[in-house]
Each structure stands twice: as structure tokens, then as C-alpha cells.
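In C-alpha cells, the next block holds one chain alone, the form predicted on its own.
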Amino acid sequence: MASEGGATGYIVHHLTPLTVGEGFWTVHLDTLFFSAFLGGLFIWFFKGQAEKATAGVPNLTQNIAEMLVEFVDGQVKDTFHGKSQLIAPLGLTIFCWVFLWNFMDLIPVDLLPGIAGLMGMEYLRVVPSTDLNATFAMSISVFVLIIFYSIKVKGIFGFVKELTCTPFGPWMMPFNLLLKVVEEVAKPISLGLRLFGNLYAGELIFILIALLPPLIQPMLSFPWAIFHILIIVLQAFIFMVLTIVYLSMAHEDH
């Protein structure tokens, strides 16, 4: 596929999503499909392990599930200082779901788009993290929870007071409000852009490697894939930890 349309055409082809609709109402079908599929895979795996869990010697899959649960639970206990039964399951869901999104970047770039082409689909972008719509959807969901818990814990009056009276006191309300609005809006923007930027760049490097002669590709793709494993885990971890930190801040009632 690397020869079709030249190097530029090849890159554009792999970074173009499968869409339906126009303008604002454009829907990225590949992002929705792979996000739903990977979310279902996450639910199926943990549901199965919960149903088959034993008190005896655990098997490999139960060990993996328990390690993930204990890892996320430890992060929540160290970072979250409020009381909520949602935070630990939310942290586990975000970490595993974003990791699975990112893990799709390790699939050979021509494999799934080639299969899709045989089925009559012109485009297919298989890594949801390389779609800004997906990363922003996740970060905006976290932002909605931040606002919800800020109001729930502090009350509407307390939330408004925090927006207008910190950090410089009530005599500088307009300036305080401007700073707080920028601070709050920056949270989902930074979450979404960080994940998107790192995975988009990683996918682009894999595509560029695929443009090289076949004898050179393994020499570059394998080391980059090994290094990229660290990136996909780290980005999932950062997204989860920042979510826990932001929600912990939302639960602080001064």
C-alpha cells in the first residue's frame, strides 16, 4: 500500500478516518467501533475474572486482573482524599480503556486497513487515541465529573465562592474568576491534547517506517515498538492519575 498515491497519499490515507455525515455532524465510524469494541473487551475480561475468581492459587488471567485492580486502588488511596465509591472503578476503567486504545498502535499499520479495503471501505483509522474527538470526549467526561462533584461537595454557593474569591480574595472577583475559568478549562484541554499528541506522533512514525524499504523496516519498527510500549502505558497512567487528582481537588471542602 505504500506505493499507492506516493508517500503523501499513503500518510493521508492512513490518518483519514472512516466517516459518515458532513460538517459538525460528521461521525467517525472507525473510532466509535474500535472504542466500543475495546470497551466491551475490557468489560468481558473483568466480568469473567470476577465470576471465576477463586481463593486458591490464581491463574494467569486472574493474576493480571488482581494486579491491575490493586495497582489502581493503590493510586487512588495515595492520591484521592475524599470519599467516593466511583473513583477507583473510574480510574480502572480509564486506565484499561485508554491503554487498549493506545495498544492498537502496535498493530501493523497496513493490516486492518488492508482488510477493510477488501471489504470495500476506503479508509480505516484503527487507533482511537489518534482521533482528537475521542480524546476530547474522554477528557470532557472527566471535566463534567469535576464540575458535578465540586457542586455536590461544596454546594453551589461554595463552588461560586471558590471561583470568585480565590486566590486573591473577594476584592478581586473579576480577576479571580478569569484565572479560575482558565484553570478549569485547561484541565480537559490538556488531558485530551496530551493523549492525542503522543499517540498521533507515534502512529505517524510507524507510518513513516512503513514507507522505507522492506529490509530496513524491521530494524526500525521493532525498537520503536518496544519503546512505544512504554509510551502507551505511560499515557494511560497519566490520564488516570490526573483524573484522580482533579476529582480529589473537586472533593476538597475548605
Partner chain sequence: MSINATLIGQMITFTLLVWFTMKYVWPPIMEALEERKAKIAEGLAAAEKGQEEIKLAEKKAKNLVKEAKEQAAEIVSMAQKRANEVVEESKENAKKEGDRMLLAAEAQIEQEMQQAKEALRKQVASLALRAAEQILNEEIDKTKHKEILEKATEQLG
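Positions refer to the first chain, counted from 1. It should be emphasised that the depicted structure is a prediction, and the values quoted were computed from it without experimental measurement.
Heads up, the form predicted together with the partner chain isn't pictured, but that's what we're talking about next.
Interface residue among Val153, Leu163, Leu112, Ala88 relative to the partner chain in the predicted bound form, by the heavy atom within 4.5 Å criterion: Ala88.
The putative spot formed by Lys47, Pro58 and Ile94 is fully lined by the partner chain in the predicted bound form; each residue has a non-hydrogen atom within 4.5 angstroms of it. By the criterion of a heavy atom within 4.5 Å, Thr26 is counted among the residues contacting the partner chain in the predicted bound form. For Ile146, no non-hydrogen atom is located within 4.5 Å of the partner chain in the predicted bound form, even though that partner is not displayed.
The shortest heavy atom separation between Ser221 and the partner chain in the predicted bound form exceeds 4.5 Å. Contact annotation: Asp73 falls within 4.5 Å of the partner chain in the predicted bound form, judged by heavy atom distances. With the partner chain left out of view, the stretch that reaches within 4.5 Å of it through heavy atoms in the predicted bound form is, among 202 to 210, 60 to 68, 221 to 229, 184 to 192, 60 to 68. Taking a 4.5 Å heavy atom cutoff to the partner chain in the predicted bound form, the contacting residues in 128 to 145 are Thr130, Asp131, Leu132, Asn133, Ala134, Phe136, Ala137, Met138, Ile140, Ser141.
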